[in-house]
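We begin with a single chain expressed as structure tokens, specifically the form predicted alone.
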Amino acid sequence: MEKDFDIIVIGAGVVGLSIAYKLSKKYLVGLIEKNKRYGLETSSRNSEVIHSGIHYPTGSLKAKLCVQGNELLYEFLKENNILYKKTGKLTVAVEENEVKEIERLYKQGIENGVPDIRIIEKNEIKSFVPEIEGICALYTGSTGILNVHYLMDCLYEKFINNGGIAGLDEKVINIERKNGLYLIETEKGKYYSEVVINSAGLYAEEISSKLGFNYNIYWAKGDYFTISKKVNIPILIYPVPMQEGLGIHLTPRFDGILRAGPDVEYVQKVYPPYPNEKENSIFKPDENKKNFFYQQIKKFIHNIEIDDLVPESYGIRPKLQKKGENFKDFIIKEEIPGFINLIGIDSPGLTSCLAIAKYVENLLI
């Protein structure tokens, strides 16, 4: 029995692409994706924010990989002329009882090694963005935005140029371990590999179970609206975070339009997770959420009306914590020799993608 690949990566979202690209520099890597194109699910339906690392408990994988990934990602984007902008971010307290959380996030950010971070008072908020109302805010200068589609295109191209082989539109139906190799069976063929890396995102639970490792992944839908009214906000604006998410935040798009979202709505698993999987499909958010979004945004921007909100899109992310539970970290580990599992890779997965790839590579040494 001969191997077809040194490594097979299952799942071609931004994390799977990053891992495949990184490892293809040294190994013969196969990349298997059930969709007809890479990055059609969570990776292309998010805020496209490069996070600083303030939101994650010190010592957690999310904290370490976000801070490291932030630096690696900016370097990669710059080197490859991929569209990005280091906008900075304000996390704004609008009520007195939120000030302590701003102070806690500042302390946590310092402990996590986040650069360019400070607390600013009300007058300085106005100097940053006159339209924003708040008592105080936490400024993080390393936060930014990118075009994730351009990033994924670049990673995929580099992977192929390194000699990687992609199997798109191939759903994995079985995985077995035989004589020191892994047999990966898809709807189109069978492949033998020394190493299997599960980066299947929403489907990581299903892939993991094929080798007897059972996890509970919960699906959290997040809706987005855009603001049709012209509002001059060139910086990311975040509320003080809630338990189940970072809250409805404002992201300036590259075209100057302001985007609001996402919220957190736990939903039942439905395969496939979107109405269809056609390339460039746009799925509208729940129109009934418009009033909720308006009330959240109104805390920061007083001069908008509910009719200024326009439905844009939504995305679904995999979470390890169910509704009401506290923080749970990424799971990235070698379960048995040659099988590496990535479970619950939600935010800051995009920011961390290159750092995750480096972390996975170190597991193989």
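Position 1 is the first residue in the sequence shown; the rest follow in order. The structure presented is a predicted model; accordingly, all values stated were derived computationally and were not measured.
Another form, the form predicted in complex with a small molecule, is not on view; read the next lines as being about it.
The partner is not drawn, yet in the predicted complex one stretch among 131-139, 85-93, 101-109, 193-201 has residues with heavy atoms inside 4.5 Å of the small molecule: 193-201. With the partner omitted from this view, the residue of D308, E312, D329, E48 that lies near the small molecule in the predicted complex is E48 [heavy atom within 4.5 Å].
In the predicted complex, L258 stays away from the small molecule, with no heavy atom inside 4.5 Å. I54 falls outside the set of residues with a heavy atom inside 4.5 Å of the small molecule in the predicted complex. Residue contact with the small molecule in the predicted complex: S24 places no heavy atom within 4.5 Å of it.
The small molecule in the predicted complex comes within 4.5 Å of no heavy atom belonging to A20.
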